[in-house]
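Quick setup: the structure tokens below cover two forms of a single protein chain, split into structure 1 and structure 2.
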Structure 1
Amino acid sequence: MKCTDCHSPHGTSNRATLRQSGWETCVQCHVEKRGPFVFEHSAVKVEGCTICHTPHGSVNRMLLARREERFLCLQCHVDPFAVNVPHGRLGFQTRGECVRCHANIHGSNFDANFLH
């Protein structure tokens, strides 16, 4: 893999001179994450893959931006009363990883909550 697989050396109108906009660059190789999915994780489409992943390398598993996966999820899913946090304050899991149940985090054709 080389820089020009994702970046254009002559510049583009995209952020970081990416060959394509946001997540489109990543799914050129990671086609299984492309979709379309009936239920899409909007963060991927809006913010792009870098909302969770560090594309230039990380000591973390799967190039995640945070070492503990649940803290990565809690960056956005923080308010226990918000629509995007279905676990109420008293039932919210404070231990374990979110992907234990929400395994299809990039999108799902079967479940709106990205469950198995």
Structure 2
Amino acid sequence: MKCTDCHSPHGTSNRATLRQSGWETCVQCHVEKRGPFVFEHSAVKVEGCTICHTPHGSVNRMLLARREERFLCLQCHVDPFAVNVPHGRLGFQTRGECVRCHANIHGSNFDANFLH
């Protein structure tokens, strides 16, 4: 991929000389992530793709901002003892990734917890 796929050398009114603002930069190619979904993951919609992904490359195969995906999730989903927690999230820290179950992490039309 070329720098100019996302950036303009002539400068733009967007942050970091991006051709398009925010997640528009990403969903122009990853159109299936655009939605809208019945159940949006507000992290995707509100904060945008780069709250979880690093566009310039990463130690993670999926370009995630953290090497281990579950720690990325736990950055925001912090309280394992909150009343509405169905499973102790910390219990999953040593047992695989959250997206094993929360498979549609970018948003789902079927399930409020992005399970399918």
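Numbering runs along the sequence of structure 1, starting at 1. In this text, all values refer to a predicted model and were calculated from it rather than measured experimentally. Under this definition, the rigid core comprises the largest set of C-alpha atoms superposing within 1.5 Å between the forms.
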Displayed copy of the chain that is the form predicted together with heme C:
2
Core-aligned C-alpha movement of L18 between structures 1 and 2, 2 Å or more
yes
For a quick test of reading the superposition: does N109 move by 2 Å or more at the CA between structures 1 and 2, rigid core aligned?
no
Per-residue C-alpha deviation between structures 1 and 2 [S8; rigid core superposition; Å]:
3.3
